[in-house]
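Take a look at this single chain in structure tokens; it is the form predicted alone.
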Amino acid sequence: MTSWSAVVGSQCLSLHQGHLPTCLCVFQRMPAPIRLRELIRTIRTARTQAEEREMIQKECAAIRSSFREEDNTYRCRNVAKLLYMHMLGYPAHFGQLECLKLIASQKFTDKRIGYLGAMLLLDERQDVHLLMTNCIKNDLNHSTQYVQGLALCTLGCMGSSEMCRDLAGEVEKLLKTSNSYLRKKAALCAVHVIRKVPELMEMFLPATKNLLSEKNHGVLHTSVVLLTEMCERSPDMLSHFRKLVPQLVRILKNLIMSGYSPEHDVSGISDPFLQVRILRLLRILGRSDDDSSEAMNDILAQVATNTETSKNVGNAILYETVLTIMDIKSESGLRVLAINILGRFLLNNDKNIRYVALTSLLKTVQTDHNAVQRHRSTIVDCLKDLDVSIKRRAMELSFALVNGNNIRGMMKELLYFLDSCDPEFKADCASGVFLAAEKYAPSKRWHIDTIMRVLTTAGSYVRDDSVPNLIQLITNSVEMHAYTVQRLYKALLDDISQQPLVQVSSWCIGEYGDLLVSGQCEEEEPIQVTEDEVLDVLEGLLLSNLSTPVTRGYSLTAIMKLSTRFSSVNRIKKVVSVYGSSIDVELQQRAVEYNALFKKYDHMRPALLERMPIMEKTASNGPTEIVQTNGETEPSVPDTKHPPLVTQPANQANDLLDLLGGNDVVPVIQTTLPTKPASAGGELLDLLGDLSLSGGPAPAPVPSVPVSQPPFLLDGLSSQPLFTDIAAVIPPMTAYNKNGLKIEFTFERANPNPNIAVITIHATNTTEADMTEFVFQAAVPKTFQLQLLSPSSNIVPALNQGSITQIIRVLNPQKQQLRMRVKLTYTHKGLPVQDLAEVNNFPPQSWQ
């Protein structure tokens, strides 16, 4: 065994003789890095994420050291490993410049890894990518086609708009070359250039002339992609390329009729990828063009009838064919053929194909309703599918197929689906049933029964507007009142967990409880119910843990209404008084107000609690809007000249208080959309505190109406005429006349409540320019209540050529002198104008 002294001696001898010791050579050179295959094998042996992370960090450190040493020998290997680690999700940005060095290399293997790294690690957000522009330009002119292909792929993958502008000329040259390998890559690169710089599109137009004449399928495929991109981006290009429709039809026909070609065959179909691309281009070219559509009708019929459907490849082509047929101006027979193909798709075992068919039918049902109707039974069967996506599409399509002829059968199926479907479907299904029943109901009884079935089955999932909509339906069906209240009472005895059903039932019992007790139902055998039994049910709802605060509000209001329909008034008084101290503020407020009706305003109670009038529908606005007033669903006041009454948000009210001087006023703000229930009026009055309208002495104390009086006191709940003939004796007055704007008030009395003054404002403009964005706002003292309806317009025409009208309704129960502060906002000759005014000279007849 050789001793250490002998080794050292031999090394020293070598050094003395001028030779470099072997051990020193080893220490001066970095060890060879492991290969990519070895790195992958090592990483896969890691048993935990931390162990893998440790391996990656160790290898990254070695790669960084190699980059710092400018090791050209293993740069390619290190970048390849870095790209693998990048694919695993680890940072690899420090290898960007090394990729550029590999691209500049003369070796093809280095260029290949360098370009791959550039595509993965670089993008146009980093300035580093601009450094490779010159290298790409040189490689586009390289003598080797594979180097040119690498440059084209990289430019088409991550080229920025600056690079595309600089290199578009080189791409256009390669697009004209006879080399099919380069032409197909150049075509795809041209697509990227057009997407980045659309104005360069015309540069490639001459090169597209002969692209479709190429026999190579790769060139044909990329050429069709290029033409599609150009047609989608430019109407001029679309018109220019419509002349290519016969050529595209010929290529597609050759693909269908050609025999077996092992190079392009996929499951017995010749080049399905090219067929799909051609069909998409034909769809774009034939859209809204009769001649092009007619030229492709025959080939589309051939594709639809000759394509094999046993494989998924054929189904993909048929699907594109159907989309093309539906998008162009095709013949009616061809469209029926397309829908029948989708009908066959519904019978396929593949869930994806069934989903695609349902989605496509949903898009076409509006234009080809009768053809889709033929597959109604198959579509309904899809409601039983286990896949949730298919069930949802089938549900949407089923609702789209409902019409007056099949409403009974379709609703039967959909109600069965509603009863058995998952909770995630119940809300949408219930809404669909409501809409379909409202539109196609064969009778009012059927309509009511259907809605009640929905509330019984999925009451907790229905939308918030379903309760007022059903109440409106019941109110308008006068002949069905007795039947409806009896059905709802029975439903209430069976189940009180469905809150919307309980709310509708409570409302109906409150409105038509006398019909329930008297047994006037003719549609079915009447039930024997006493007043005490009805009150027991409603009191049970107030005490039930299942009842929400809103439901309790409905129940308490129903009990209050029954005080004018039942003889058990004392019992009702006791119930109402008990809830005057409820911890639920809303319920407490209702009870306090109802107690006030019993004690102070008992003479008004029958008029206030009489039955709701019919809520008439208008052709312009659809169903009368239902707003919730103090927990009771009421219709907004119908008015043929003005939109429905709306309520202001509290924050806007506070803003108006600041603008009007911060006095004790009740502001009402003009708005266009109801943003809060009308019960906010009571809260608004509570917030205003103890302020007075002006700086003068406060008026003497008088008995006041509770400030949270329900807004429905202002509504005409009676079916009598809204205004009385006394209005003619109240003289009009000029409230404002300044800067060419004149505001006049005319007065009327509301019927049946003489405490309501109805003021109509008339705004006219004597200047030569229109006053636009006109807004009138008003505020009154706290002892009054005021409602401001929407104006007839927001433009006051110039030169008295027209006027704006707007209605103000003021409740003055104390017969005090009316005072009002108004704010006017408008734009005149491009300049905003804002002014405040105080109106104190109201005619005595208007408030006495």
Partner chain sequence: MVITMRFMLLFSRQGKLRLQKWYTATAERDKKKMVRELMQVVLARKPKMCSFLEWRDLKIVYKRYASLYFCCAVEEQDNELITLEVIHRFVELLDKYFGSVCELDIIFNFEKAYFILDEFLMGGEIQDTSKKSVLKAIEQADLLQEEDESPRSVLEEMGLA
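All values reported here derive from a predicted model rather than from experimental measurement. Numbering follows the first chain given and starts at 1.
Separately, the form predicted together with its partner chain exists; it is not shown, and the next lines address it.
**Q** Only one of these stretches, 336 to 344, 436 to 444, 312 to 320, 166 to 174, has heavy atoms within 4.5 Å of its partner chain in the predicted bound form; which one is it?
**A** Every other range fails; the passing one is 312 to 320.
**Q** So in the predicted bound form, is its partner chain close enough to D139 to count as touching (4.5 Å, heavy atoms)?
**A** Judged by the heavy-atom cut-off of 4.5 Å, D139 is well away from its partner chain in the predicted bound form.
**Q** Consider E748 of the chain shown here, and say whether it contacts its partner chain in the predicted bound form, taking contact as heavy atoms within 4.5 Å.
**A** Flag for E748 set to no.
**Q** How about H221: is it within 4.5 Å of its partner chain in the predicted bound form, going by heavy atoms?
**A** Close contact exists here: in the predicted bound form, H221 approaches its partner chain to within 4.5 Å, heavy atoms only.
**Q** How about T144: is it within 4.5 Å of its partner chain in the predicted bound form, going by heavy atoms?
**A** Heavy-atom contact with its partner chain at 4.5 Å: present for T144.
**Q** With its partner chain left out of view, choose which of R605, K573, R195, K742 has a non-hydrogen atom within 4.5 angstroms of it in the predicted bound form.
**A** Looking at the other structure, the residue within range turns out to be R195.
**Q** Pick from A104, A301, V225, V569: which residue has any heavy atom within 4.5 angstroms of its partner chain in the predicted bound form?
**A** So the residue touching its partner chain in the predicted bound form, by this definition, is V225.
**Q** Check for me whether its partner chain, as it appears in the predicted bound form, comes within 4.5 angstroms of all of Y736, F776 and L789 - heavy atoms only.
**A** No, none of the three is in contact.
**Q** Within 393 to 425, which residues come within 4.5 Å of its partner chain in the predicted bound form, counting heavy atoms only?
**A** Heavy-atom contacts to its partner chain in the predicted bound form: only R393.
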